[in-house]
Structure formats: structure tokens, C-alpha cells
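Just the one chain here, laid out as C-alpha cells, in the form predicted alone.
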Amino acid sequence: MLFNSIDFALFLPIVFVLYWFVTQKNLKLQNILLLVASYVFYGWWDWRFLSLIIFSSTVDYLIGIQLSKTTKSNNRKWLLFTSLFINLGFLGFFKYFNFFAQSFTDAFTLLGQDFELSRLNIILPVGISFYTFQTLSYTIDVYRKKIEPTKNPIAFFAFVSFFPQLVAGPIERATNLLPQFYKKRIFKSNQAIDGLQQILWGLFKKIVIADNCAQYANDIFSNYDVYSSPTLIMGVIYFSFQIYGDFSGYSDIAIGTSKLFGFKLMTNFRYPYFSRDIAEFWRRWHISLSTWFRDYLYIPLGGSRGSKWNVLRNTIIVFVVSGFWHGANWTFIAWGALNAIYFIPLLLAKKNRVHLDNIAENSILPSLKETLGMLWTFTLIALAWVFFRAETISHAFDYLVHLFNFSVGFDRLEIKRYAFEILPLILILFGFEWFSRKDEHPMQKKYVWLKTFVIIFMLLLLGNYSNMQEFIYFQF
């Protein structure tokens, strides 16, 4: 079920009314309702894959209980290994089997050997990367004794499958979200209104920004060999804002929807394109995944302890694995590795934690240094997005070669529009976010109702309803 669909527009108010007007006095019934609603929400796509999320939830629920019953180190390690093996095994099979099969075939072909490993017709379950990491965080934190294992199966199963963030995050930690299922939720009108406004902002970023940018980006990336350099530059910019509007828009809708039910999810984006260096960007982009890899991969590998070589190794591993998490394609691995290359000079110079404040903290406009830093960082990130968007490594390099061939002029695209026509929408987004960069989202605090009216007007006037697309991160 898509957030930007009529189905969800009907589904959400029905669940909301049942939640607050029918089950309000009984916490257990509220949790059961959320669990059933979450399974309906997920099963709307393909009910057959409900078995996967139910099985994964059952495994980690039972392992959590067993971890509380044993103090023997070896037994605890085997229980953790079982959780990792089952969850990552499912993820590996559904998401990466064909990738490895094709990679082995290609490797033997390069060596002159005639070898063919059969590929399977596998459907990738929506959101499997997200809920796998979410349930694993519970098992690992129970193993580390950071959280007590729950004996409330309804609360745990609802935590794993919580429908607002089930398909594309934020990837919640059990330490934050699970305890909220134990506590009685009280309806707060100010929280609900804030949630609705954040949902509205997320829909604006998806329908007005991302889906409009997608038309241009798709055209330009598909016909890059016939377009001029300025047009290809616009293609990179459009995809940069397509993926930002699409993914952060989903997070805004998820967080806003959670507020309607009395839950608070972690912030997943903090205006990342205002970052002054790559390190700051990764503290502001997809925060739930970045912090997950930090806590469950980077630190266990040794983190920043040990020799400089160990620190570099750990950093490269995290970025490459993060890229691979996004998809079974060498382009994602290249994207992750390129970001590691960007990050390493800051790490070696010990400047990776310089910008911990907001840009232009005490002024309306950024300084010249901040402006240059922001432009340089965006340029690096945008060039890396070429690998993320491209279908193959050669496609990415070909695109960049054509981009830097220094031809001039903006082209008229196959969609019968000029390459620069969508740029004003990006400037509108930029303006809203710039003047709200210290807030959780732009629909808060000053001029709230005026901004709400403007956003609704733009949704009605400028929303791309004829070419609505799934959220990009559904494929991950």
C-alpha cells in the first residue's frame, strides 16, 4: 500500500478512528489493532510474504526469551548466531542470490571458462532490508543486555511490523520504539496536528518534487548520449532531489503518521543538502541506517580504536556494505566506495566532526566559506548519485564522460519540456527548508497555517498525479 494512494487515504482514517474511539481504553486491543493493520498494510502488496515477517518476528521473539534464560557465553553466542543466520539468510537469498550467481558466471567467463549458474525468478519482498535490520537490532541489544527481552508477543510483533515505517524506515531500535508499545497512549491534539502537517510536507516532497523530478531525470539518464553537458548536469541535480524528496518524504509521512497514534519515531533526515562536508552529510542523511551500521558494524569492528589502518579498514567496510545494502548491483557498491573515498581525507585530517552545528547558526544567510562548502559537498554527492542511478558501472562512466564533454545549451527533452523547467520547484523546496533548518520539519512554528495553505495549493496545482511512482526505497 502506497502512502500516496487512494487506498492509504481510506485506510489511515479507518485505523485512526478504531484506534482512538473503539480501543482507546484497552492498551492490548490497541496493540492488536496496530498489528492487524500493519499486516493488512504489508499484505496489500503481496499477502504471501507476510509469512516471512511473521517467521522472522517469531524467531527473534523466542531467541530473546532464550537469551534471558542462559548466562553461558557460548550458548548466548549460538543464539545470536542463529538470529543472524536466519535473518541475513532470508535477506541474502531474496535480495542477493541472483547477483552472486551472475557475478560467479561473469568471473568464470573472464577466465575463459564456460560456466553458467542458473538464476532464479525471485520476487524481492518489499521492505525486507528494513524490517530485517529492525528485528536484528532487538536480538543484538538483548544479547548485549542493553534491553530486557519482552514477554509480550503482541507488542513485539507490532514493533517489528509497525506499518508507518515498515516498508522504508526509519529503521527503529527496540530501545526506542518497543517500550512505547507498553505504555498507554493519550491523544494529544497538538501532536496529531503536527503529525498531519508533517504528512502534508512529506506528500509535497514526494508528489510535487520527487515525482516531477523523476520524469526529467528518467528522460535524461535514458538519453544521455544525445543531450548536452548542461542538460546532463540538470539530470544529476534532478535525480539528487528526486531521491531526497522521495526518501525523506516517505520518512516524513511515516513519522507524521506515527504521531497520529501517539508514537515518536527517530528523525531520519536533517536537511542533508545544507551540509558543509561529507561527514556532516552522513550525519544528516538516512540517519537510522548510518547509526545502525555505526553501532552494529563499525564499533564491533573496532571503530576508531587501534591503528590508522584499522580505522580506514573499518570505514571502508561500512561504506561498501552500506552501498551493498541498497541493492544487488555493482553500481551500489561503487557508490558506497566512492563515498568512502570522499570521507577518508576528513578522517585522516581529524576533521570529520567539525560541523556539528547548523549552517548559518546565527544569521539568515551562510558565510562565503559555508556557501562554498555546501556547494562542493553537494557536487560530490550529486556525482556519486550517478552511480546510484545508473543501471551498470559502464552506464555511470559513460554518463560522466558525456557530462564533461563541455557541450553547451539546454535541450528540449523527449517529454517535450526544456531541461531547466522544473528548477523553480527545487528552489521552492530549498527556500522552505532553509528558513526551517533548525526545526524538525518546515511546517512547524512560524506562519504554520499560511505554509499549510501554500503547500496544499502546490499539491493541487503542481502535483504529478498522472505519473505517480512507487517510493524508490521500496526496492531496497
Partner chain sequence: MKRFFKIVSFYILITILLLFLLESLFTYSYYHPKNPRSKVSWIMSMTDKDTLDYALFGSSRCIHTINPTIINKELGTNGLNLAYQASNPLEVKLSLKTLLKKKRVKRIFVQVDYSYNQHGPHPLAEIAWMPFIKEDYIYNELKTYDDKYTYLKRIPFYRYMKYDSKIGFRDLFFNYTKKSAVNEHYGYAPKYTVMKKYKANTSKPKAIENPHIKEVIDICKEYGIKLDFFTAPMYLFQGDNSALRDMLPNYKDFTTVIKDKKKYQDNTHINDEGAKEFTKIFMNHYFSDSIK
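Numbering follows the first chain given and starts at 1. Just so it is clear, the structure is predicted and the values come from calculations on it, not from any experiment.
Beyond what is shown, the protein has a form predicted in complex with the partner chain; the following relates to that form.
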item	value
Contact label in the predicted bound form: residue 193 to the partner chain, heavy atom within 4.5 Å	yes
Touches the partner chain in the predicted bound form: residue 197 (any heavy atom, 4.5 Å)	yes
Proximity of residue 416 to the partner chain in the predicted bound form, heavy atoms at 4.5 Å	yes
Contact label in the predicted bound form: residue 363 to the partner chain, heavy atom within 4.5 Å	no
Complete contact of 16, 453 and 456 with the partner chain in the predicted bound form (any heavy atom, 4.5 Å)	yes
Listed range touching the partner chain, judged in the predicted bound form by heavy atoms within 4.5 Å, from 165-173, 281-289, 181-189, 328-336	181-189
Within 4.5 Å of the partner chain in the predicted bound form: residues from 8-40 (heavy atom criterion)	16, 20, 21
